[in-house]
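Have a look below at one chain only, the form predicted on its own, in structure tokens format.
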Amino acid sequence: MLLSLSIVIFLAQCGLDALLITLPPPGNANEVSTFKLKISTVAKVEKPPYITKMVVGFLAPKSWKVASNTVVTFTSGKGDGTLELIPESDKELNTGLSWPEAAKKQFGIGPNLVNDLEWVVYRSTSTYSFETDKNTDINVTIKSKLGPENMLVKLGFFIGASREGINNGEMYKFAFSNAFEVKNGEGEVIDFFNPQLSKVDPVKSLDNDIITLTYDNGVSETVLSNTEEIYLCATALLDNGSSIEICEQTAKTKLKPIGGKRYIIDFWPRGFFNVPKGRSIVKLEYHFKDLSGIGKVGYGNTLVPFKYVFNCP
């Protein structure tokens, strides 16, 4: 039995049709934004009726806490309703994994480069019957409270049938959106999908956690493009308004190459800056320099420092 989905094409997926995704305007941090999906079904059933529940998946930043802050509803020729979160204990039938894990395995994070995203999967509370060659239009509305941070991200969506699970057939359709912006929030903009000269891993940490700074010398032409000796020059801004700078060309600050013109440095911020007891680091501001200390690269290949704000994971 096949449930073939005939889609209004908006985003092309190689070898597949795609979902129609309607993104809202840029959203404000900690406020609700509404995302809309549209799809139509054509049932090709050998032994009608084909009975199933609808499944909807949503990929979003972890900081949005989608499972606690999202409502998913739909309207269709088969009726209207609200979808419920699929319990973690309910396993996807093709993989034996939870539905979010199965979605991550099948779809990944799409065009995003920063892996601080999660799939959250919903299922209709009622079952629906499909008969051969009877079209059904389905409109899904996802209302989600955005997280606290400024960001640019490409969101993921899929619609499928619960009785088929997630597989390589025509039982589901998926797509990733164009860029969606969250503004008026905390910290510097987290850009999930554009290649960056520098990034910090993890995306969220405290000053007592080990962090990794990456510098990509192949993203664009800079004053450091012709050197393989790259050093960190950083300032820790403390909670009392004071600062500590470490800007030297020594083994302590030297980045190590990891291939592909990329370099990293791992360090424990409190120890690296020798932060006094009772004080904490609020934010890092940093550049990368060459051995001479003259060549200097900051955010967007300017002299403006890269910035990283410490937050609870």
Partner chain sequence: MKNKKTLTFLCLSFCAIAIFFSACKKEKTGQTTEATKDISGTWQISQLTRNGEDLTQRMDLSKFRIVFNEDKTYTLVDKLAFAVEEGGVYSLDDPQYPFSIILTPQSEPDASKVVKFQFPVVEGKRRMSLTMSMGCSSNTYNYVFEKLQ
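Positions refer to the first chain, counted from 1. Each form is matched to the other, and the largest set of C-alpha atoms that superpose within 1.5 Å is called the rigid core. Quick caveat, the model's predicted, so the values are computed rather than measured.
Quick note: we don't show the form predicted in complex with its partner chain, though the next part is all about it.
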Since the chain is shown here on its own, which stretch among 197 to 205, 219 to 227, 142 to 150, 79 to 87 would lie within 4.5 Å of its partner chain in the predicted complex, judged by heavy atoms?
197 to 205
Residue contact check: Ile264 to its partner chain in the predicted complex, 4.5 Å heavy atom
yes
Check Ile210 for me: does it contact its partner chain in the predicted complex (non-hydrogen atoms, 4.5 angstroms)?
yes
Answer for His287 alone: is it within 4.5 Å of its partner chain in the predicted complex, judged on heavy atom distances?
no
Counting only non-hydrogen atoms and a 4.5 Å cut-off, give the residues of 277 to 312 close to its partner chain in the predicted complex.
Lys277, Asn311, Cys312
Quick one: core overlaid, is Gly27 moving 2 Å or more at the Cα between this form and the one not shown?
no
Rigid core superposed: Asn69 CA moves 2 Å or more between this form and the one not shown
no
Using a rigid core alignment, state whether the CA of Val56 is displaced by 2 Å or more between this form and the one not shown.
no
